[in-house]
Every structure is written in structure tokens, then in C-alpha cells.
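This document opens with one chain alone, in C-alpha cells, the form predicted on its own.
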Amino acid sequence: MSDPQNEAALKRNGLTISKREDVAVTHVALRRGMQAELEKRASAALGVSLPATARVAEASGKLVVWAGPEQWLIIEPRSTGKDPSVDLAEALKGAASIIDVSDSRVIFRVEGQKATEVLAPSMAIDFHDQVFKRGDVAITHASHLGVMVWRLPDGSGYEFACARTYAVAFSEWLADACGKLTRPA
């Protein structure tokens, strides 16, 4: 993201790409036969139901992201000295497997009015407002890299989760994709 040409293009479009170093990411996977128990405990612990389909739910500063059948990512502000997965593991003990994946996943955010316009030609997703709505999630590929993407519930942009192994390649692809529409000829 340090390419001056891309940075200039992003600025002209009013777009911001950021790597979310301020969040902790916890993976939750349902244990067999524990769906009703997990739903009950997760609702109590998070304040919202776990999305059953490809959606996100907001919960007191946390984002609950559907990550596949019976799997979710809990994204929340990182706090010094505290591992949020520990409290969640205790609250969901026996009903789900909990893993802190903050070091293995990177969250990128693209914000700005033209975010949809610049991402649409670069990904195999129909980003139209009536198709990929606020809070929708897709698990897909971007330049042969596996990513999850969701439209932020407030409509201000998108977030992407990718494996840290691919973070550099994905960030370069993202900056290039977002800079294409306004790059000077």
C-alpha cells in the first residue's frame, strides 16, 4: 500500500484502505449436537444470535461474522493484556471450539463512497446494493487468494479477512484494485 500512484488514486477517490491491527479475532466452531446450547450461550455472551447464514451481526462493539456452516469469527477491539478468546471459551465451554486466530488472520478495511465501484470489477461478486447488502458475507477468491469479505453493517465499506501468509500479496492486490479506476493514463 506504499505505492505513491495507488495512494494518490485512493486519495482522489476518497478511499481508505487500512489493516486492522486494533482487533482480536476469535474463531468459533460448533461442537456436534450442541447447536441449541451454543445458540443460548452465545446469545447470552455476545448479546446477539450467531448468524445462521452468510451475514454479520453487531454486538456491543463486536462483529460476529458467519465463516461457513457452523463457524463464526468474532472480531472485537484488542485490549492490552487481555485475550478475549479466553472469556468466550469459558462462556461457550463444551458447546463450541474456540481458537484465537488474531495472529493467523489479517483484517483489511476499505472505506469510502466509491468502495463498491472500485471493487466490483475486480472480484467475482455482484456488489450491487440489492444483491450484496449491508451485513452480507461472501467467502471467495481475489487474485487466487482465499478471502472472506463482508459489507459493513453501516454501509461505509467492506472488510476482508485473509490468512496472514497472504496478507502482503492481498494488500498489494487490494491497493491495485482500488487504484485502477482513477489511475492517470
Partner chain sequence: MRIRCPHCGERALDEFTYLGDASVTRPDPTSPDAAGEFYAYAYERRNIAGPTQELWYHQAGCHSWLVVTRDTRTHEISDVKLAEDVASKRIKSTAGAA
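Numbering follows the first chain given and starts at 1. Model, not experiment: these values are computed from the prediction.
The form predicted together with the partner chain exists for this protein as well; it is not shown, and the discussion that follows is about that form.
Heavy atoms within 4.5 Å of the partner chain in the model of the complex belong, among the stretches 112-120, 66-74, 23-31, 42-50, to residues of 66-74. With a 4.5 Å cutoff on heavy atoms, Leu38 does not count as touching the partner chain in the model of the complex; it lies far away. Contact annotation: Ile125 falls within 4.5 Å of the partner chain in the model of the complex, judged by heavy atom distances. The closest non-hydrogen atom of Ala138 lies within 4.5 Å of the partner chain in the model of the complex.
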